[in-house]
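Have a look below at one chain only, the form predicted alone, in structure tokens format.
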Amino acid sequence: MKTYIVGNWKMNFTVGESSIYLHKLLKLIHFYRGIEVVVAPSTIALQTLSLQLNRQSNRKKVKLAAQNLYYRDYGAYTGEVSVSQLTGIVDYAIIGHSERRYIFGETDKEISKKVAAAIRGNITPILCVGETANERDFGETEEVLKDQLLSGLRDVSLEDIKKVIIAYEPVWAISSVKGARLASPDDVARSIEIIHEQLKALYKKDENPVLYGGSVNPSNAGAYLTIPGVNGLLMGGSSLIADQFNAIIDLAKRVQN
């Protein structure tokens, strides 16, 4: 199974800055067989970066992801971007990120529709799940993860489940969240185990890549990548610094070997 290193740039970089960053990143990183490097710039930069990757024939080194999408293909939905508009530009889409859930109020129903829409458009959904600090403190982690997986995947068939990536992002460990605290490998290991158990319970098989995200940096990435059942990393801040992102990619290859 591949190891996925995914950088979520969130609302950072202008289009010009995104292009310059990608140019620097492409000069730094090596193409490693078995390592899938993905970056998710803001929507307005996707087209420019897609053309840049095509022009430089670097699609093997870096793939693009959308940070969000809408589940309708077209219509009067001001400000939204559909799967059909993203087809041919991105290979992946981050769906159900905690910031979408808790800042923008995305519901489980909307998230499930987005996952299904991505699959319909041949875009690989990266479904994010994770509990808040309060949910963790009250011992609700397992219940929350199972509920988010059940609802997020409810429109995904037995045949299509293999097209989905799961990302475990405990909200309490994301560096941009006030009062964030670092998740220990033991904390992460149990949650990853719950996710794999739920996937097997729902689909009678457990073949999906599961990523970890939450204050990942070059110092702790190795510990997270060696957790059983972790197939890669989803990161925010470290993906904005080319040297750090490249260091994590190199580390992923060493761990894989």
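What you see is a predicted model; the values in this text were computed from it and never measured. One-based numbering along the sequence shown.
One more form of this protein, predicted together with a small molecule, exists but is not displayed; see below.
Contact with the small molecule in the predicted bound form, defined as a heavy atom within 4.5 Å, holds for exactly one of V144, A116, I174, V164, namely I174.
Distance criterion of 4.5 Å from any heavy atom to the small molecule in the predicted bound form singles out S215 from the list N208, T43, S215, Q52. Heavy atoms of every residue among N8, E99 and G236 are located within 4.5 Å of the small molecule in the predicted bound form. The small molecule in the predicted bound form is approached by E169, whose closest heavy atom lies within 4.5 angstroms of it.
Contact with the small molecule in the predicted bound form, judged as any non-hydrogen atom within 4.5 angstroms, is confined among 71-79, 133-141, 156-164, 91-99 to 91-99.
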